[in-house]
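Here you get one chain, nothing else, as structure tokens; it is the form predicted on its own.
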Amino acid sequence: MKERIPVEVDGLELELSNLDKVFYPQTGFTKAEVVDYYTRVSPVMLPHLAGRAVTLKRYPDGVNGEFFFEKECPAFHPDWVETTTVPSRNERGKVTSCVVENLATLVWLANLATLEFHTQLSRKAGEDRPDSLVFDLDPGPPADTLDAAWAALRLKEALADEGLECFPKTSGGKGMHVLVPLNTPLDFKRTKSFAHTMAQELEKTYPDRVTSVMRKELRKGKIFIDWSQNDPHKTTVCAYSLRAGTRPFVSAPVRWEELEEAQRRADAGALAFEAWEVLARVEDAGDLLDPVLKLKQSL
């Protein structure tokens, strides 16, 4: 029988179970540590989750076990877990997703073995108004994290030429994400078209290192600038989410100077952050992606 531990989070009651189960065998990182990480990172993570339909990536037996994506909020959710109806391409034409508005919901989902949280770019489900634009920089082997960092820096330069500020975060794997705050009335057709054009421009400028085409045979040794994430049906891993790799790495905000320094030192490890490192960084510098939530820009 599962051991269930009743806890109270911000005045709401829930139960935690199997806290000693190891989720990351290489490091011994347990379910209790997953819950603890999300609890401690919640002050900076919750603003990036608020209002957004979330897709859960759940690993009931840890990162070496089976996993599944879950767009539908579990039917047994407590009544204090917010939900929203999202248009879908399924046979029902819709899905009811969880919305993580408070710490109790975040803890409840972590207890369901949710390691990764993937969010839409619109704060309101079904609304054709992305509040940011994202570029997912994906290295095609043997390209690696340093190549992705190089591409992120080139993208920053290109966006600056358009009068736009942008902010980087690691993917939690070998890639990088570049976020462009908008927070102004723009639709997905406009943002997706703009992102595609920017990716094509970089491909023309750096044809040996960058591609805007998804086909794997064209990505070998290059950085694929995935512009297609700017779509109402797509999600991107949320800032501060754990990733299900060999170690508890996080999709972590970084400074541009850190990308430059990692390039200078040829140190890809400088751009890989485990949960404990992210908590220390947050304590030191707060949320490096706070401007993504507030800065108003138009294309």
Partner chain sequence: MPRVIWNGSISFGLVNIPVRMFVAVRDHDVRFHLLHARDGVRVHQKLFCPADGEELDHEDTVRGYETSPDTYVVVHQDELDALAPKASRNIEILDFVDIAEIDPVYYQHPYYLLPEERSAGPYALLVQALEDSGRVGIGKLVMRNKEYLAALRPVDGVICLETMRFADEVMPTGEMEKFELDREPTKRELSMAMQLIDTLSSSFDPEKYHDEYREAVMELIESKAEGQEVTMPEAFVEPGKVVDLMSALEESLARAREKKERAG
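This structure is a prediction, so every number in the text was calculated from the model and none was measured. Positions refer to the first chain, counted from 1.
Just so it is clear, the following notes concern the form predicted together with its partner chain, a form of the same protein that is not shown.
Its partner chain in the predicted bound form is approached by P74, whose closest heavy atom lies within 4.5 angstroms of it. In the predicted bound form, at least one heavy atom of T27 sits within 4.5 Å of its partner chain.
Its partner chain is not drawn, but in the predicted bound form it has no heavy atom within 4.5 Å of E277. Although the partner is absent here, L295 lies well away from its partner chain in the predicted bound form, with no heavy atom inside 4.5 Å.
Candidate site formed by I5, R40 and F68: every one of these residues places a non-hydrogen atom within 4.5 angstroms of its partner chain in the predicted bound form. Contact with its partner chain in the predicted bound form, defined as a heavy atom within 4.5 Å, holds for exactly one of V107, L202, A125, V99, namely V107.
Taking its partner chain as positioned in the predicted bound form, none of the residues of 179-209 brings a heavy atom within 4.5 Å of it.
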